[in-house]
Ligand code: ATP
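Below you'll find only one chain, the form predicted on its own, shown as structure tokens.
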Amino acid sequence: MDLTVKDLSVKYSEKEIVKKVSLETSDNSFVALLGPNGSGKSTLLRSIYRVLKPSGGIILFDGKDSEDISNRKLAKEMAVVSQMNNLNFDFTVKEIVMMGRTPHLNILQSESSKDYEIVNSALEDVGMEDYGNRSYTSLSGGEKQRIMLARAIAQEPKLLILDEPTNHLDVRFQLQTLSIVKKLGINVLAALHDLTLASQFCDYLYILKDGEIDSQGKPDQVLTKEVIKRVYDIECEIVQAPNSKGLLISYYPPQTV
């Protein structure tokens, strides 16, 4: 499912947080939103997956206005992994992942053997196949994040929205998570903090500052010392990774007064 956002604006209490942002992800590309805290990344994503109502602009899925697509139909095509992974009910891990199959089931329809196969496969993808009967609430923050990704994979989406998917994960699982997402071969729009990881896994980047797009392009085009200084207000050095996959970025500590 292709995503196109045109001149999107979002307000909180009359304050404009996202300001006429336009972007797209198509042809099964992995696209990232970068930018400092407060730049509008999460707000933009929440407006795309219908938690927030935009104050202006338009969102298109496969060229069709999102307002003309039902929540149920959209859920069959788009999955979301947000930052909020706390649940008030004590489900097992397998029950949580099975929730990803809900859009594909009719009312009162029971899960089939195929649904269970998809769930087990998703758990294997994120390295949590031995956790199926564990209580979700007993998991660490990083483990919960991986289960939420498994649930999204079980949904079999054509568009995946990720809001800081590597939060709470150690380095190994950060790399594993983004590798899994990359191999899905679907359109992905993700908000990321780590610029080096973005350069290694993403096809195209949009860099936000103060709710607007400051820069956009392929990673090696926009991740420059000048852009990073302007957007993040920090000095850095950038070199090509030895395997030619991405960049290595080293930051200088900010000067203190």
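Position 1 is the first residue in the sequence shown; the rest follow in order. Everything quoted here is computed from the prediction, not taken from an experiment.
The same protein also has a form predicted in complex with the named molecule, omitted here; what follows describes it.
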Stretch in contact in the predicted bound form with the named molecule, which is absent here, among 214 to 222, 53 to 61, 35 to 43, 198 to 206 (heavy atoms within 4.5 Å): 35 to 43
The named molecule: the contacting residue among Glu95, Glu164, Glu156, Glu111 in the predicted bound form [heavy atom, 4.5 Å]: Glu164
One residue of Gln174, Thr102, Gln83, Asn120 in contact with the named molecule, assessed in the predicted bound form (non-hydrogen atom, 4.5 angstroms): Gln83
4.5 Å heavy atom contact, Val21 to the named molecule in the predicted bound form: no
